[in-house]
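What follows is one chain in structure tokens, specifically the form predicted on its own.
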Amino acid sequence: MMTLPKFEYLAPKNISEAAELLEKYGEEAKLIAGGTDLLVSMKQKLFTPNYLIGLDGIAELQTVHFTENEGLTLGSCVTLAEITKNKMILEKFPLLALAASKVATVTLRNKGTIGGNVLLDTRCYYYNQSFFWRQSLGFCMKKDGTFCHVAPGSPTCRAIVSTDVVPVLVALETKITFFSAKNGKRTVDLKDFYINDGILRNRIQPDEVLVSLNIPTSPKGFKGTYKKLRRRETIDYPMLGVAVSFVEDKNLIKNVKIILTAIHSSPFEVVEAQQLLENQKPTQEIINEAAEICYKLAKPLDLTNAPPLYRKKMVRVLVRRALEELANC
């Protein structure tokens, strides 16, 4: 049986106090909200913090606010379950609710948070295992080792991004805000936040707390969907996820977004396919061509419980299905 390492739990009352504790304890501490991913990783001894700084008691991080001018602002500790059932989100941002509903199970969504999904660790067969399993193979580049078992010649870790919600948030042009005791608030575009490296993953600073997400109001004619490939309908992380959106204007589509998850170490925006579709009428022919571009550019490795070639072929299928659904083909 895998047990949790010993730690001290700290319960700050506000964001400033949480940031001060994070700055004080540095690498000895981890932030925790829902804990649905972190606690499992701690049992696997991937992380062994001496302190856990709890965020779920901070009311400021659990707010949901919407205005037409400012859009939707979500505190980082808003649960995925709340997103799936909030009437305003279902009406104004159904694409976000759809993606949130695809995460894990109802039980895990009741605890898992939107901030946790944004900051979710990358995954790999050779990383997300017990300490003894990893030790028997000599560990790996991402934790305690020096090379990548999946791609031995790679200079970087190839663990994949495994979040369902992030590709949709990128398509919705989300901005995220952090707070640190030293530097105050910092806001960045989510699309610029991730790094295509399984270890580095993103551009959060060690002393920062993710405070909120802001999603602008969708323009008239906006359509979007999210398709997920997994072995079971619940529990499983994506073997592939496809977020597609565009704005329909006089039979043409604009601001096209096609974003893949569980292919690379960061969300993969297929710019070439987007450019092909931009300002075009979404005919079956051009949809097929866009899906083919996505298929050719996707380069999955053997990191999930489905063969890479199958996942690559399913990129074509899911992109095509998503575009057909939105274009009513």
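Everything numeric here is computed off the predicted structure, so don't read it as measured data. Residue numbers run from 1 along the displayed sequence.
Another form, the form predicted together with a small molecule, is not on view; read the next lines as being about it.
The stretch from 84-92, 155-163, 244-252, 168-176 that comes within 4.5 Å of the small molecule in the predicted complex, counting heavy atoms only, is 155-163. Looking at the small molecule in the predicted complex, residues K102, L108 and L210 each place a heavy atom within 4.5 Å of it. Comment: the small molecule is not present in this chain, but in the predicted complex one of L119, C148, L190, L72 has a heavy atom within 4.5 Å of it, namely L119. In the predicted complex, G35 approaches the small molecule with a heavy atom inside 4.5 Å. Proximity of Y237 to the small molecule in the predicted complex falls within the 4.5 Å heavy atom cutoff. Proximity of G115 to the small molecule in the predicted complex falls within the 4.5 Å heavy atom cutoff. Interface membership of K227, defined by any non-hydrogen atom within 4.5 Å of the small molecule in the predicted complex, is ruled out.
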